[in-house]
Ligand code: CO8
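We begin with a single chain expressed as structure tokens, specifically the form predicted on its own.
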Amino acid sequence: MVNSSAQKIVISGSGIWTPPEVITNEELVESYNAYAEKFNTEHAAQIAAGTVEEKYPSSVRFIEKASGIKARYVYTREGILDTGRMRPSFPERKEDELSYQAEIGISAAREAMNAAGRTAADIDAVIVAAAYTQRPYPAIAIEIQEALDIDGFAFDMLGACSAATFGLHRAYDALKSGSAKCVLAVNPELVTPQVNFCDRDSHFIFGDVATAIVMERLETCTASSCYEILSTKALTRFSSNIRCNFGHMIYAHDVEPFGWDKLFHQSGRKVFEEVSPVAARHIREHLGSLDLTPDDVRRFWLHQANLNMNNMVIKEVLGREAENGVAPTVLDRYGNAASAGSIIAFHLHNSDLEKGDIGMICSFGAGYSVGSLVLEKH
């Protein structure tokens, strides 16, 4: 791909907000098992009659074998481990107070702006891309824009676990078209309020985090190092195997607004079997479109949902087990951070690359969706 410097688009800075609190697998298992025992006792007659399903105990071994997750950061521990509550406690903020999502997004954004050497005056677009936004309007992106004193425009977009990469695609498109000169893309993944901590198969999956990236043209970049975006590619295929049904229509449905199907739920085995080959094929085809092979890639920053899935994807891509450091893992301590996972991996594991090295950010998950960016370090 041959471009003039004016046409080249780069990532000039990244940032992360990591919550101050951690919940380990041991703590989650102790809490869940106490809840399950209490539930089974209280519903013993219904369980015996076959009208209520028994809750089986969880274990640290089960969680780590199934996912590779050992701990997760959370905005607050309060309420999550309480067997009488089993969900986080977030006091509702007034309409004139900063929202929780804007708060964590701003922290990540400021770090990214500092890394890029950019001030609010340099940025003219803000994109918030996440699995969930805590309200439909006004947009969290506009709230962040206001708090950072940025002129221009801002908008929210949803895309489940590919929201961050799809958001970067939109930033790239805006810069290519000339509708923006410097874009701030933010991923405030406040996910724990949508976790069913009463479900053995999913109570351990998610954590909270926020990431941010500054994207601009190479000709305006003043950062000491940056990554040129060589290409973007996306793919979606409809599936209900990962689903959340919470939304404004619940008010008109006359159903339990916080029932199990209104929270995150998935058919894990089907997702594993169906998404992995799609993601691997997408990666190979994207690289092939640039006359690159998987062996040309120094670093794969993959979606951080499941260690077994990532190992399968990278093995299928490379045709062998990946060498140490080729596809770094952060989900062991961050858990599944929804769309921010691949951006966390990029943020924490890119400084050792040298000029000319090729890297790839790739997300895959609900939708189904796959999104990728091929990068070259400048």
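These numbers were taken from a predicted model, which means no experiment stands behind them. So that there is no doubt, residue numbering starts at 1 and follows the sequence shown.
The same protein also has a form predicted together with the ligand, omitted here; what follows describes it.
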Study note, to complete from the structure: Assert contact_stretch over 97-105, 139-147, 76-84, 195-203 against the ligand in the model of the complex, heavy atom within 4.5 Å, equals 195-203
Check your understanding: Contact between residue 302 and the ligand in the model of the complex at 4.5 Å, heavy atoms?
Key -> no
Practice item. Consider residue 113 of the chain shown here, and say whether it contacts the ligand in the model of the complex, taking contact as heavy atoms within 4.5 Å. Key: no
**Study point:** residue 329: touches the ligand in the model of the complex, heavy atom cutoff 4.5 angstroms
**Key:** no
Check your understanding: Are any of the heavy atoms in residue 350 no more than 4.5 Å from a heavy atom of the ligand in the model of the complex?
Key -> no
Check your understanding: Is the ligand close enough to 58, 67 and 131 in the model of the complex that each of the three has a heavy atom within 4.5 Å of it?
Key -> yes
Study note, to complete from the structure: With the partner omitted here, the residue among 191, 154, 214, 171 that in the model of the complex has a heavy atom within 4.5 Å of the ligand is 191
Review point. Of 312, 36, 63, 318, which one comes within 4.5 Å of the ligand in the model of the complex, counting heavy atoms only?
Key: 63
Check your understanding: Out of 224-242, which residues reach within 4.5 Å of the ligand in the model of the complex, heavy atoms considered?
Key -> 242
